[in-house]
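Just one chain follows, in the form predicted on its own, and it is written as structure tokens.
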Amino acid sequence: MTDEGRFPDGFLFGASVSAHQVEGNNTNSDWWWWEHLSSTPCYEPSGDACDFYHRFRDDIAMLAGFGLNTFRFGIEWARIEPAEGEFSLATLAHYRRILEACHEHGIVPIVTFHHFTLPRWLQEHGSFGYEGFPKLFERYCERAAVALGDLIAYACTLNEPQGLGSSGWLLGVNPPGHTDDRDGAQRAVDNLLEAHRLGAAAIRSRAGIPAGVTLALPDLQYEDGARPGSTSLELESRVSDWFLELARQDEFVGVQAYTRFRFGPEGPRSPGHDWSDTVRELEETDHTTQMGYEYYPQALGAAIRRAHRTCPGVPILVTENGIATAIDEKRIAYIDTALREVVACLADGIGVRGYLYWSLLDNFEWAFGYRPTFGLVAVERRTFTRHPRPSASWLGAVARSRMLSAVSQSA
């Protein structure tokens, strides 16, 4: 950093999406099955999502038009390997066309190989708890890396794996929908750790590209008299530590943060810590987001510093950071504060290489459905018409100038 508020040459500014949340009609996945159960906790099914599967060219051109230079998107395992051992060349060609569109517009592509969803056939084997999961993931990563790797800049193996065991085996909000199964959750975590190790190695060996894991690292704060406990958030934080230990061997680590969670002597005291409450009813206030989280963009700085402490010298990408809000001025203010945290980390010599906002589009937010609006771009549910918000142009102006002070918060 040469001037206050200036980002270095080559810094990546962009936005992220995931395959299932935007593509639409991912009918062969475990989440499609989960969304349609009569007993599902999901507010609504994903359906056509944002029809990104067919509209990716326009969306990538739109992102580039804002002034952003990076796009993180996901490839869908359930489409690439629809039956065990049967790989779809047509689907791999489709994802190659998305990568080519990125390069045509000068966009750096970051690809997530796994973002929560599994093929149905793998779910029937036992999902992440299946003993064969790590080797199957390694094979999938190898096939995808061979087909696509020459066009990928960074490869993310697993998105937020630290929460998959608790969400699917303790809380019952993700497939396979188990609750209070600690043994099952631990099996899933052990398999996911091994899957990252094997998958990252396969991507490196077959494509020679940087590989890493992306982790949700909320800022957990303990007040005087509070003691660490065993809430799901705290359990996930411990799992993150295990993944951060593995990440010491990676070419980068992806950091994702949205809020803080405070703990007092009597336990959690921040809004949004109980998923069962927030899924049922979302309400935004001056101090909370549509997800029920506390408005606290400063959490990003804590997340970056935590990753740096555990993985000194490993480059950091902010692969997700954002806010679900109906008020775009609030979104701009949130991003501005979060980016100032990035600037402070850079000033302290921490190797942050990029910032990607979540999300490019209003999309399917898992059990919450389409109610939360994270997007820089609004999407009409019936027509799929895209409506860029002022925040998209604001972030693009920061990207072009590489200066925060040069862009008004009301731009």
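Residue numbers run from 1 along the displayed sequence. Predicted model, so just to flag it, every value in this text is computed and none were measured.
Omitted here: the form predicted in complex with a small molecule. The next part is about that form.
For the marked spot (Phe116, Tyr258 and Trp358), a heavy atom within 4.5 Å of the small molecule in the predicted bound form is present in each of the three residues.
The stretch among 28 to 36, 377 to 385, 363 to 371, 50 to 58 whose residues place heavy atoms within 4.5 Å of the small molecule in the predicted bound form is 363 to 371.
Interface residue remark: Thr289 is not counted as part of the site for the small molecule in the predicted bound form, having no heavy atom within 4.5 Å. Looking at Glu236, you'd find every heavy atom of it more than 4.5 angstroms from the small molecule in the predicted bound form.
Taking the partner from the other structure, the small molecule in the predicted bound form has no heavy atom within 4.5 Å of any heavy atom of Glu76. In the predicted bound form, the small molecule sits within 4.5 Å of a heavy atom belonging to Asn159.
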